[in-house]
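Below sits a lone chain in structure tokens, taken as the form predicted on its own.
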């Protein structure tokens, strides 16, 4: 194989695929990226961790000898990063070594044969639809902070996508860690009818969100079955991310969304966030709870720490119901408030032991539920 690629092109493509590669691997080939130079003057790069694979096709300045080889992903990426801007990078393979030349630099890297490189077999992906990249990015941003990191409840380690019939057909994305729930609803895209319920793993969500950052103006093609999902960004010759789905059943989260919370609190999310952040300064790991005392048109935030003393702050609010006190985990509350880009946030409360519903307003596609803490 022999190909010449512009440094910026090579760096961008390697940047997209190399983050899939785990730093520590017991299987040596999984540390490598597959580079395939075709006769048409295009070079394909591919990386995988056996659950997730990313493939990108980039234009080459020239392909003198077509062929395919695998080489260390992080090493080649670091070399490309440090090469001077604007240089042409030549990749040539002979005697199980890859020679990388650019300007006056020359590297010789060990390789492993292409035939040993594992490829995820997608099989049949019967459901196909498109979403604007901006919508998909928003959907991920508004939910992924609630994904569980507890490996024992592996079925919560991702975003749950499913179609439903509310007043009209919709596609919903939900994530929960048992303490809080985030849900985002959009109109059901054409082609998503009859789609199986799927849980997209946390790592696939993170990699997809990175790729979306550079493709926000386009559409994303989504193809899926009950066990695999494929995202195609940038159409032909773009980036293709394929992931296995989490094999598990996501709990019926609709049961925890309160419908009868009759106490409505409205306030400015930014000043609320900052107030919680300030009083939580003295909170320790054991006392992350912030107590909210609700009275007519005001909220008093307090934190009590056996080691660091106490903190209190009063915020103006719109509240007309009976006064009571409720406690929340300050970090979880801030995570949710940081998602609200509006002048007001609504908290629908019932009592000190019941889950609270948080949203921008009733028309908002995003909805959050937060479990209270005993304080």
Partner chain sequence: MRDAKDTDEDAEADGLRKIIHVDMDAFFASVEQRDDPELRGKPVAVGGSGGRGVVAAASYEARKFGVRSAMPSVTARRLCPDLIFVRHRFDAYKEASQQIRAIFHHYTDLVEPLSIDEAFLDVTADRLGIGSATRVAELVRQEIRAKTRLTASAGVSYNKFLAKLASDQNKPDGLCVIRPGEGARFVQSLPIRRFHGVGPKGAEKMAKLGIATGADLAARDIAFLREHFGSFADYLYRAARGIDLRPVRTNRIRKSLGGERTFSEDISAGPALRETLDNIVDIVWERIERAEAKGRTVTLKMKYTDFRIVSRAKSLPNNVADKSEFARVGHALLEELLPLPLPIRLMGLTLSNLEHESGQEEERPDDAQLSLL
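Numbering follows the first chain given and starts at 1. If you're wondering where the values come from, they're calculated on a predicted model, not measured in any experiment.
What follows is about the form predicted in complex with the partner chain, which we do not show.
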Q: Tell me, out of 134, 162, 74, 266, which residue has a non-hydrogen atom within 4.5 angstroms of the partner chain in the predicted bound form.
A: 74
Q) From the list 115, 190, 166, 217, which entry has a heavy atom within 4.5 Å of the partner chain in the predicted bound form? A) 115
**Q.** 82, 150 and 178 each touching the partner chain in the predicted bound form (heavy atom, 4.5 Å)
**A.** yes
Q. Does the 4.5 Å heavy atom contact test between residue 251 and the partner chain in the predicted bound form come out positive?
A. yes
**Q.** Residue contact check: residue 45 to the partner chain in the predicted bound form, 4.5 Å heavy atom
**A.** no
Q: Check whether residue 312 has any heavy atom within 4.5 Å of a heavy atom of the partner chain in the predicted bound form, and answer yes or no.
A: no
Q: Give a yes or no for residue 69: in the predicted bound form, does one of its heavy atoms lie within 4.5 Å of a heavy atom belonging to the partner chain?
A: yes
Q) Residues in which of 341 to 349, 303 to 311, 327 to 335, 34 to 42 have heavy atoms within 4.5 Å of the partner chain in the predicted bound form? A) 327 to 335
Q. Going through 83 to 101 from first to last, which residues have a non-hydrogen atom within 4.5 Å of the partner chain in the predicted bound form?
A. 96
